[in-house]
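Presented below, as C-alpha cells, is a lone chain in the form predicted alone.
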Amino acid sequence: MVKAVVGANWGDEGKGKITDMLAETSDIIVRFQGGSNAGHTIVNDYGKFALHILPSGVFYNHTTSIIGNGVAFSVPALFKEVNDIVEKGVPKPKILVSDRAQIVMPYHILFDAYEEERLGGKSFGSTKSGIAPFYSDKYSKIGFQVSELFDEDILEEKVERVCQLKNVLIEHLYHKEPINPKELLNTLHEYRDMVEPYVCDTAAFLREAIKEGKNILLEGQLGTLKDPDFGIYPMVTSSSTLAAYGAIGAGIPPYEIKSIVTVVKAYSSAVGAGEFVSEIFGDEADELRRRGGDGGEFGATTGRPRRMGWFDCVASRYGCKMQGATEVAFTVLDVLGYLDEIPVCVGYDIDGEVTRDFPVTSRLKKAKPVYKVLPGWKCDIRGISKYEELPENCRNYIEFVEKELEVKISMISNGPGRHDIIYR
C-alpha cells in the first residue's frame, strides 16, 4: 500500500509531524522531490528536530528511508543530519540513495546566493540551498547523477566541461572567484566515498517492496501553491510538490498511490515572497506568529519569521483538489484557542467579482479576501483525544472547513507531540 503525505498550501503545514506519525505503521519512507531548502519540524521522545533532507520517518527502527531519484541531493547535508540525530540518541537510520538522484553541487549554492544578491529587492526570497540552479542544470542536462561518481573517466571530463561553462558566468556576470576543477573533482571523490554504502537502484527496491505488500509512505516537501505549474508562479519552488509527482520522483507506477493525505493548517502561514491573499500584519500577525507552531512560526530552514494569515478556503480547496486528496490532516488547531472570533477567507474579490476558484498569479495579485467570521472556543484543547470532547465552536470550525474543502478531515492535530492527534 502506497500512501503520500503532501501539503495543500505554501508549505509549513505540519507535514513532518504527520509523516512521523504515519511512519509508525510504514516500512519504507521516500523523499521524492525538493532538497534541503525546506524543513520539517518534528517533536518526539528523542527531542525536537528540524529535518531537511532526511525523510521524517527516520526515528523508527523498523523503517527504511529512501532518497528518491527526484530529490535535489546534498551529500554533506544528508550526513550532517544523520550525525546530528545519532548524537541526540536516535538509532542510526537505514538509508538508501537512488543511483539516479542528482547531486547539489557546491557551486549551486554559490550561484543561488550570487543571483539573490544581484536581484537585490526583486529577489525570490530563496533559502540559498542551491535548489533553482540545481534543477536548472538537471534540465539543461549538465547535472551530476549519483551513478556518475563511480565512473572516473566520465567524471573528470564532465567536471572540466562544466567548470568552463560556470566560470564564464561567475567571472563576467557575478565578478567572483572562478571554480577550480581539481578542487571540485576532489570534493566529488569525497562525496563518492560518503555515499557509496547507501547507493542502489531504489526503483527496483520499491517494486519488490510493493510486490511483498509493504507499507510505503511518500513524503512531499512544501505544498500545492509552491508547485511550478499550479502554484503562485514565479514565486514557487523548482520541483513539483504534487502527490502525482511522487510516482516519478520515487520510480513507482502512478496507480500504486492509493491514499493521499493532504496536510492543511488551521490558519495560514508562508515563508518567502509571493501572493498571499488572507495575509495579516502588525500586532494581529505578531500574536498569531508567537503562539503558532511549537515555539513560534519561524522557518525551520531560515529561521525567518513566517508571514501569517487567516485560513484561506479558496487556496486550501484548490490545494486539496490539485493534490487529489483522499483525506485531510488538519494541523495546529490548538493555536487558535486564544481568539474570540476567527475570520475565514471564503472568496476572492477580483475587480468587484467574487470567486471561489483559485486564479492564475496575474489575477491573484488583484484579489482581496472576502471573510466570514466564526466564533472562537476560548480554551486550550491540547490533551483532548476524542472528537466529541472538543468544544462545540471548535467542532463547528472543523466542520465548516471540511465542507469548504470538500474532503473529509480524518485527523486533527492539537499539539506538537507525536500523539497529540484526534482521529475521526
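When you see a residue number, it is the position in the sequence shown, counting from 1. Remember, predicted model here, so these are calculated numbers, not experimental data.
Form predicted in complex with a small molecule: not shown, discussed below.
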G70: heavy atom within 4.5 Å of the small molecule in the predicted complex? no
With heavy atoms only and a cut-off of 4.5 Å, decide whether R382 touches the small molecule in the predicted complex. yes
Any non-hydrogen atom of E81 within 4.5 angstroms of the small molecule in the predicted complex: no
Might H52 be said to contact the small molecule in the predicted complex, defining contact as any heavy atom within 4.5 Å? no
Counting any heavy atom within 4.5 Å as contact, can you tell me which stretch out of 334 to 342, 350 to 358, 101 to 109, 227 to 235 lines the small molecule in the predicted complex? 334 to 342
